[in-house]
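In structure tokens, one chain follows: the form predicted on its own.
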Amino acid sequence: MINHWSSENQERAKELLEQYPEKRSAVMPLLYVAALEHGYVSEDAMREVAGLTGLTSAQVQSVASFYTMYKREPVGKYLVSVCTSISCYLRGADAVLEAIEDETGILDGETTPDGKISVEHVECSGACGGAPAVSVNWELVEGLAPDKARDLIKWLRDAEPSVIFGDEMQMLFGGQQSFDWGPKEIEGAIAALPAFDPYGTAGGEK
């Protein structure tokens, strides 16, 4: 079923399945590996995960459709997510989203023609104390002002970082943080997926 996956992703899938007494319990991490392979959680990806776990495609789809971090349509290299929940809204999230839309030339829910950047609004990034919060490939930056949001987009376009680090973005573009983040990150996101080393979605510093 997954013989066409890269050897690395085949090995990751095997290791993940071995960690769970019930194969079906591995459905969520396997969806991330499948998304890494396909670029998003495609119909083929869901069928492949169903085959690995013994679930039906409909059961896998019910999981993938429930959690917003599983993208079932192609997204850009950089997924820019603006939190618009109440704390961020009250601290100017709408203005941040508008600045990002203007700088990218696309609206919420769209991807730039070059496939580089997708923009979306999300509900609660869990960083109310550092509102407004924005993430790139699920790596967080807090206290982002509209002008810094524009700078962030320009940086993504010009620098094209291969790994996204939250603390790097915070240093370059962020403002007030909800709390001290502690030690410097050693891993960041290499795709529009949360950075998990066992799933192959994390990368180290250059």
Partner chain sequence: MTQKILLSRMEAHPSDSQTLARYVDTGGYATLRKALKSMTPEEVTAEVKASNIRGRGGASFPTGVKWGFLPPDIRPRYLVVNGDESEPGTFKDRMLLERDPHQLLEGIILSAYALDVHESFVYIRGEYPKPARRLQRAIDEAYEAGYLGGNILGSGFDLDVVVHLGAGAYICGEETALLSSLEGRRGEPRLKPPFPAVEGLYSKPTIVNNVETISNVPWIVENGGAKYAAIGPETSSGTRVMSLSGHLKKPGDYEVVAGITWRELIYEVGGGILDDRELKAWVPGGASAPWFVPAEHLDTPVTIDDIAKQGSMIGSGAVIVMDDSTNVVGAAHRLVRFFSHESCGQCTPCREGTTWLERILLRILDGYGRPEDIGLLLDVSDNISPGLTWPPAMTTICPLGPSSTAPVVSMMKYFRDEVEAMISGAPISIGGVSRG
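Residue numbers count along the first chain shown, from 1. Not measured: the values here are computed from a predicted model.
The discussion below concerns the form predicted together with the partner chain, not included here.
Colleague: Residue 125: heavy atom within 4.5 Å of the partner chain in the predicted complex?
Modeller: Answer yes; at least one heavy atom of residue 125 falls within 4.5 Å of the partner chain in the predicted complex.
Colleague: Can any non-hydrogen atom of residue 62 be found within 4.5 angstroms of the partner chain in the predicted complex?
Modeller: Yes, contact at 4.5 Å.
Colleague: How about residue 169: is it within 4.5 Å of the partner chain in the predicted complex, going by heavy atoms?
Modeller: No, residue 169 sits far enough from the partner chain in the predicted complex that none of its heavy atoms falls within 4.5 Å.
Colleague: Quick check on residue 109: any heavy atom within 4.5 Å of the partner chain in the predicted complex?
Modeller: Flag for residue 109 set to no.
Colleague: With the partner absent here, would 10, 116 and 173 each sit within 4.5 Å of the partner chain in the predicted complex, counting heavy atoms only?
Modeller: So, no: the whole triplet misses the partner chain.
Colleague: Could you run down 59 to 77 and flag each residue that has a heavy atom within 4.5 Å of the partner chain in the predicted complex?
Modeller: Counting only heavy atoms within 4.5 Å of the partner chain in the predicted complex, the contacting residues of 59 to 77 are 62, 63, 65, 66, 67, 68, 69, 70.
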